[in-house]
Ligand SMILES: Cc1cc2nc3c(=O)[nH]c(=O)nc-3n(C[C@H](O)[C@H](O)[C@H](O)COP(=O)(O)OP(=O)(O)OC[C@H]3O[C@@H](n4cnc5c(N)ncnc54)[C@H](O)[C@@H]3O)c2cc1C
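This document opens with one chain alone, in structure tokens, the form predicted on its own.
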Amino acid sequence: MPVEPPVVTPRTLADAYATLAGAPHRPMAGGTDLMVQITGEIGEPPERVLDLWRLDELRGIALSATGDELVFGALTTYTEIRRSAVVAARLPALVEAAATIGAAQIQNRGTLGGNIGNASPAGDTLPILLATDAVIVLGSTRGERGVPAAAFWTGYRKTARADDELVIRVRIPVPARRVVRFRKVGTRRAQAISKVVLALAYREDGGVWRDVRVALGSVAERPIRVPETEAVLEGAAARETVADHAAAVISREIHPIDDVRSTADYRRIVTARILHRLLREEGGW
């Protein structure tokens, strides 16, 4: 086993920023992915680690004063998401996604900020963040900046975060009358890394779908949206022929990855079927 890297454990967010400004460190939240990385199973182990677990400044779930945005501290765990009444009321799809991640031990330690920063294409919460137009807030000694989820993941395990920055919170709009649906397919019903994960968001308006977002994980090197498929659904009525068309378009639009968990052909077929089923359920057929 490789030698474990040195770990710095700051007591304040300002101390964490100062450490990162001095030298690059691998930020660690719950450590559920880093523990695997240290063994060398996922890329090269980091040279230095910044343990953020004691920073209460990065915890908490709140509804904005205007009531149209959920704000999550980066250290919010999946268990906290599952137990949050405000998340269950305003964004139940995120509760559903959090419940699919690992077992209780992982949910107690794994964090929303860690899922975001780890940038795995199989990150289960990431398609929801894409579909809801979430904003990832980064902080450093230079101040704070917000990056739209659509611009945050730039490649395989790559993000828009600079070396001296931390993911400090996530802002998720929760406008009235928006519906968000989530579906994950894995090898088994629990404790599975996703083969395909899909999030669908829309607003029902006079019998048609508006502001449609379809986001996918585990089918590309990073989480993606499918604009051609979204265009099919935008302004369309909830009809089975529309679902048929959207499923056909998404199967042509995506170019899935082929890896140890699944083949590209399987992912293409399953993605189309997931979308078709969600649309059927929304239409009540």
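Quick note: we count residues from 1 along the sequence shown, nothing fancier. Computed from a predicted structure; not experimentally measured.
Keep in mind that the form predicted in complex with the named molecule is not shown, yet the notes after this line are about it.
Please check if residue 34 has a heavy atom lying within 4.5 Å of any heavy atom of the named molecule in the model of the complex.
-> Residue 34 belongs to the contact set for the named molecule.
Wondering, does residue 178 line up within 4.5 Å of the named molecule in the model of the complex on heavy atoms?
-> It does not: once the named molecule is placed as it appears in the model of the complex, residue 178 has no heavy atom within 4.5 Å of it.
Check whether residue 106 has any heavy atom within 4.5 Å of a heavy atom of the named molecule in the model of the complex, and answer yes or no.
-> Yes, residue 106 sits close enough to the named molecule in the model of the complex that at least one of its heavy atoms falls within 4.5 Å.
Using a 4.5 Å heavy atom cut-off, state whether residue 167 contacts the named molecule in the model of the complex.
-> Yes, contact at 4.5 Å.
Verify the flagged residues 52, 113 and 184 against the named molecule in the model of the complex: is each one within 4.5 Å by a non-hydrogen atom?
-> Result yes, every residue of the spot touches the named molecule.
Could you tell me which stretch in 117-125, 81-89, 208-216, 170-178 has residues with non-hydrogen atoms within 4.5 Å of the named molecule in the model of the complex?
-> The contacting stretch is 117-125.
With the named molecule left out of view, choose which of 101, 131, 196, 94 has a non-hydrogen atom within 4.5 angstroms of it in the model of the complex.
-> Selected option: 101.
May I ask you to list the residues of 10-29 that have any heavy atom within 4.5 angstroms of the named molecule in the model of the complex, in sequence order?
-> Residues within 4.5 Å: 26, 27, 28, 29.
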